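The structure tokens that follow cover one protein chain in two forms, given apart as structure 1 and structure 2.
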Structure 1
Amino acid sequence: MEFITQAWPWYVSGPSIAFILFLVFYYGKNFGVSTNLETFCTIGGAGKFSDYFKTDWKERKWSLFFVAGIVLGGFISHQFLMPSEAIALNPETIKELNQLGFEQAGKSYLPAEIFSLEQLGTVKGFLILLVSGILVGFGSRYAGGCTSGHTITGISSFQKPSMLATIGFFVGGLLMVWFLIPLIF
């Protein structure tokens, strides 16, 4: 039981993700999450604004179930499988984050400086969440996939676009963490 409730080490987590990829392919589909963002647009009637969204979303219905499952899995984890909020971060990371103003680094699962209702109520806090979402949604569709579709599925099947996209993910991520986050927070 302890194994279930404590945080999983990388050598359990990584292979488990590969097992999910296996299951999705075994049941005849391709592993990836970000296409659903387009599906939501199509269902919401985005086809009226651009032909890009005139697709048959019913073919991707399985993926909506997949996403609903992810939400449910998150709920179950949060309710029953995570007795502690603490994360065993590098002490150096904790020190740096404390200096940036992230007071609960290492003690909380998500930073209140970004994900609290107080922050959501401020213009800056709201914009951080919204803009980050827009970048993720826009970028993943422009690049043709996200971490699951490109970094895991694409790289493991030796696809060049996925390697380029993953290099891009890291360039963007490094820019944000090293240069922009110290300016934003």
Structure 2
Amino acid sequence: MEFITQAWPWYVSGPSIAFILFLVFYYGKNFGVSTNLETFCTIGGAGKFSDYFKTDWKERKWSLFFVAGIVLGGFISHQFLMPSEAIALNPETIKELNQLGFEQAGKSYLPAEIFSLEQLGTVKGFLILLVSGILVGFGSRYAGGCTSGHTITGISSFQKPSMLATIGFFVGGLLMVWFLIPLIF
């Protein structure tokens, strides 16, 4: 049981992801999360407001099982397989995050300084989540997919646009961590 509660080594997780991608490609499907958000918007009636969502969501109903699997897997992992909420972060990183105001750095996956009901009730916390959500949604739509779609599926099928998108994700992440977060917090 200890094997499954620890971080899996690359030689287990990598081939596992490759096997899932093989199944997805074999059945002619696309692996990605942002497509599922489109499906949920379509089911919710977004087609009344935008032609983009006027699609037959039943053609993508397999992806609803994918989303259900993400939720169920996350729940099982959190409830039964995590030995603790602590994250193995470098002590220097924890120190730097503490200096930025993240007092719980390394103690949980989601910093309470961003992801808590108390922060959602503040103007700053609300704006951070709202603007972040808009940028992620716009970026996923503009790039034709999200990080998982481009980085896992796109690169594994040798798509040049996905390689460029992945480079852009990393550059954006570095800019956010080194320049914008210190300005925001």
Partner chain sequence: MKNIRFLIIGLLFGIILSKSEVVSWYRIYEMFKFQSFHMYGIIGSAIFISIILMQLFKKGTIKNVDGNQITVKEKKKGIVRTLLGGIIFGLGWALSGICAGPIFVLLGHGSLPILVVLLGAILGAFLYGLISKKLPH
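The term rigid core refers to the most C-alpha atoms you can superpose between the two forms while keeping them within 1.5 Å. Every residue number counts along structure 1's sequence, beginning with 1. Treat the numbers as computed from the prediction; the structure is a model and nothing was measured.
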Next item on the list: Quick one: identify the form predicted in complex with the partner chain, either 1 or 2.
Entry: 1
Note to self: Using a rigid core superposition, assess whether Lys29 undergoes a CA shift of 2 Å or more between the two structures.
What the structure shows: yes
Margin query: I need the CA movement of Ile20 between the two structures once the rigid core is aligned, reported in Å.
Written below: 3.0
